[in-house]
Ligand SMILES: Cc1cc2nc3c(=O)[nH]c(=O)nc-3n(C[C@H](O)[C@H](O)[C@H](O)COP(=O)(O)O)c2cc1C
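One chain follows as structure tokens, the form predicted on its own.
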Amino acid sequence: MVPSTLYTVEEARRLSRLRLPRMMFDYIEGGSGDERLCTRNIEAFDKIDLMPRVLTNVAERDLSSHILGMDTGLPFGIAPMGMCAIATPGADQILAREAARRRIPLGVSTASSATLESVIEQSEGYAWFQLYADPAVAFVDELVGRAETSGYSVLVLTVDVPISSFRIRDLRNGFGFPMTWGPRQLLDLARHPRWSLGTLAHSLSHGTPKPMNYATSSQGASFVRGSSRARADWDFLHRLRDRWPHKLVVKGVQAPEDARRIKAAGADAIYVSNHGARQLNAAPPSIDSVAPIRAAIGDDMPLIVDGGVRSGEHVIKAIASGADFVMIGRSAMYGLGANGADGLSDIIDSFAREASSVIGLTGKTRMNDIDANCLAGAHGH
């Protein structure tokens, strides 16, 4: 039985685990190697303390924010994620509608299950296009052109996936594209009839879920999961900066030295991420990279972060630590997997309500007021 409302990401996670076939849930939740970075990403937030402040009128609080020329209703958005339809049928359309309703940016993956054109339309412009340096040069150039023609004002170049990582869950489950369907996988589908029948019904009316930006390419591009994206080097970045006339974000940055060089190359924002602990398992937690990168790039360049964000409290901690904006990934997917559009809405509601409470308890009423002074350590504690 579905709870009337999902109040926490952990509730959504548990329900997703029950509802989704094992291979689908494991793809959403899994990381690389022994997955210890998945845990460390979350635990790093727990080590950050905020200082409560008193005797300030915080009755009225405003969570609106501004990032890369976009006025947003909340200080967080939804990170780019490929193959979201494995969580629930029509996931990309659900995400787009929610982004429009909340006025928050939605990252649209190169490997999204809906075309980049349809997502920016359904999101009413609240979308950023995420680009991989696919081995097919003409396909990448085509994607950039399609994004510009469709009205995207922000392009996010992901640079932390030059090669595929060692993801044990996916290897064990035979998860890939196209999917491997053996007796074990078919039995898994049979044990999850709600997901299986819902996906089948959606496929019969809308077609089989696939990476639609590839399927609609005039270059005949085909999606190969785990293919090399090693072309994303410094020369590629410089060429893309020259090619793209709007805001350019570089995602997957953790080294301050890289951040300084990316800023010098003319990028408009740094996106701190360890790819949700799905690439280098020995990397630092994302939140731990925020302060060093902020120190490296100064205060005049926007800084975005994702990784391990599981609550509205985490959002405020990230911004107090030096980020300008936060993106959520698995938290949104757990909501979708638990209860589709309603589950996603519940998770965003819970983030927003808690973030509003937290800023008030730190004595603030606006997102612009959240800074390092909100951290307990700033007061000699």
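Here the structure is a predicted model, which means the values were calculated and not measured. A residue's number is simply how far along the shown sequence it sits, counting from 1.
One more form of this protein should be noted, the form predicted together with the named molecule, which is absent from this view; the next part is about it.
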Site test, Ile28, Gly82 and Ile328 vs the named molecule in the model of the complex, non-hydrogen atom cutoff 4.5 Å: yes
Asn173: touches the named molecule in the model of the complex, heavy atom cutoff 4.5 angstroms: no
Thr158, heavy atom within 4.5 angstroms of the named molecule in the model of the complex: yes
4.5 angstroms heavy atom contact with the named molecule in the model of the complex for Arg294: no
Proximity of His275 to the named molecule in the model of the complex, heavy atoms at 4.5 Å: yes
Among the candidates Arg102, Arg310, Lys247, Lys263, the residue which, in the model of the complex, approaches the named molecule to within 4.5 Å (heavy atoms): Arg310
In the model of the complex, the one of Gln130, Ser289, Ser123, Asn213 near the named molecule [non-hydrogen atom within 4.5 angstroms]: Gln130
Stretch from 136-144, 254-262, 299-307, 181-189 whose residues place a heavy atom within 4.5 Å of the named molecule in the model of the complex: 299-307
Heavy atom contacts to the named molecule in the model of the complex at 4.5 Å, residues of 96-121 in sequence order: Ser109
